[in-house]
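Form predicted on its own, single chain, as structure tokens, below.
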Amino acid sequence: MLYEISYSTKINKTNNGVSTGLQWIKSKGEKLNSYSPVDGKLIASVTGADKKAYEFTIAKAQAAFAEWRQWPAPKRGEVVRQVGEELRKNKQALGQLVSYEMGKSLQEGLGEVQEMIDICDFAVGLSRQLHGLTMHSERPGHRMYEQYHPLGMVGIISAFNFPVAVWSWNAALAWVCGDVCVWKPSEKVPLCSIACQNIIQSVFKKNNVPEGVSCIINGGREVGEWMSSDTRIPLISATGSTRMGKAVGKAVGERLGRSLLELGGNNAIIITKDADLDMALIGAAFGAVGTAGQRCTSTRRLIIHESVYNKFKEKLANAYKQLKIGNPLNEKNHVGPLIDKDAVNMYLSAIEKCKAEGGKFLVEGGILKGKGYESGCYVKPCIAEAKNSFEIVQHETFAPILYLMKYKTLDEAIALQNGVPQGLSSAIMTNNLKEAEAFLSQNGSDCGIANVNIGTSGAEIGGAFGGEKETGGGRESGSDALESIYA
């Protein structure tokens, strides 16, 4: 499997990690070793950017913008359409790589590539709908109109849990608007960016796209700091932890640049007395254990009405007993590994903190050992009865730990749902229309995303994705996201 994936995505054992879209740049930056959490094996190594390679790449992007913005928007859209077609041809190979390098299930890896294809389709349509606005002027004999212009260079900082999709959300929209992109992928999954660039490069060469329209700059934290402080990059779109987002937002704000931040979540599902408990079980279990709890939209908390609390708790515990944990490339398994040993240690620490605060574990956690678990990154999804006020519950833990709590009134449930610093995704399970409308009202969920009778996980192309409070306030993928990358 290792060599099949490496061959099909044109990745060698050692790789340059900086590209201007038409050439790979030699640099003397840090060496990034990509170990698969699936089996612990080294897939390949990538040389990150040094400052010289960074400056060269930014200069190429600047020059490319001057030309790219002059291309008619439908012509830019045609290039993006071809990118989507090339992704379709390489969906299986790229999906396998995403699954193997990151550790998510193969179906999720393929789904992530499908999101890339879908955003290309969406962007192609927008390339013929970049409308402005005309209006009557208060001055006689005058005509007034609003017209958007490309912003320039869009810096994209992405997280390990979605190695390719979130970058494409930004890039496809930026390209049709006439912007150029500089992408800093997570240092934990550098090979996925190289595979994407190989695919993009083939399309761009065929269409004589200027060098610098699509750049990647692999590297560690310092690359993100260079980008955040760089006045030549008017917009930084960053996905990751709240801690990281605060640092990016501060650096960009100090130079009066723009930030589009999509940060951590602490997502809850309210399960009412009128809920379909079987439907709620599916949404809760998938939301909590999918991607081994490493989604920003993963379900962290269940707020359950006291009348159905014990019944649902038993159903959930029984469902967890049936989970199959193992190699995510095996479609029979439900849960794959955490990304690395650091993530495992954070998972174990969170469990101990929950117990210290008085949490009672309904389903115990722990590290899995033995055949098939040699990487040391496989853990047991666990469930704890806890209070919303626990310090550990107030923080996002990127692992499959689910906290249960009960409520009496809907107002109490909504207050619990909103009673955390983060505000990304939320859900209510109910067949009561009044409850659903209350949850969706201005006095309901304070999250950027509010769902009814589906779980907290997932995003749809064309709909704005993002949250409030410590989630950063940014929106990606669709809706008003387009306006973020225009001047």
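Source: prediction; values computed, not measured. Residue positions are given as counts along the sequence shown, with the first one as 1.
The form predicted together with nicotinamide-adenine-dinucleotide is left out here; the points below concern that form.
Asker: Does Ser241 make contact with nicotinamide-adenine-dinucleotide in the predicted bound form, using a 4.5 Å heavy atom cut-off?
Answerer: Contact with nicotinamide-adenine-dinucleotide, yes.
Asker: At 4.5 Å between heavy atoms, is Arg255 in contact with nicotinamide-adenine-dinucleotide in the predicted bound form?
Answerer: No.
Asker: Is Thr471 a contact residue for nicotinamide-adenine-dinucleotide in the predicted bound form, using a 4.5 Å heavy atom cut-off?
Answerer: Yes, contact at 4.5 Å.
Asker: In the predicted bound form, does Pro185 come within 4.5 Å of nicotinamide-adenine-dinucleotide, counting heavy atoms only?
Answerer: Yes - in the predicted bound form, heavy atoms of Pro185 and nicotinamide-adenine-dinucleotide come within 4.5 Å of each other.
Asker: For the interface check, one of 408-416, 220-228, 127-135, 276-284 should have non-hydrogen atoms within 4.5 Å of nicotinamide-adenine-dinucleotide in the predicted bound form; which one?
Answerer: Selected stretch: 220-228.
Asker: For nicotinamide-adenine-dinucleotide, considered in the predicted bound form: do all three of Trp71, Val180 and Tyr486 come within 4.5 Å of it, counting heavy atoms only?
Answerer: No: no residue has a heavy atom within 4.5 Å of the partner.
Asker: Scan Pro337, Gly212, Gly77, Gly264 and let me know which has any heavy atom within 4.5 Å of nicotinamide-adenine-dinucleotide in the predicted bound form.
Answerer: When nicotinamide-adenine-dinucleotide is considered in the predicted bound form, the option within 4.5 Å is Gly264.
Asker: Can you work out which of Leu235, Ala247, Ile325, Ile392 has a heavy atom no more than 4.5 Å from nicotinamide-adenine-dinucleotide in the predicted bound form?
Answerer: It is Ala247 that has a heavy atom within 4.5 Å of the partner.
Asker: Taking nicotinamide-adenine-dinucleotide in the predicted bound form, which residues along 142-165 bring a heavy atom to within 4.5 Å of it?
Answerer: Those in contact are Ile157, Ser158, Ala159, Phe160, Asn161, Phe162.
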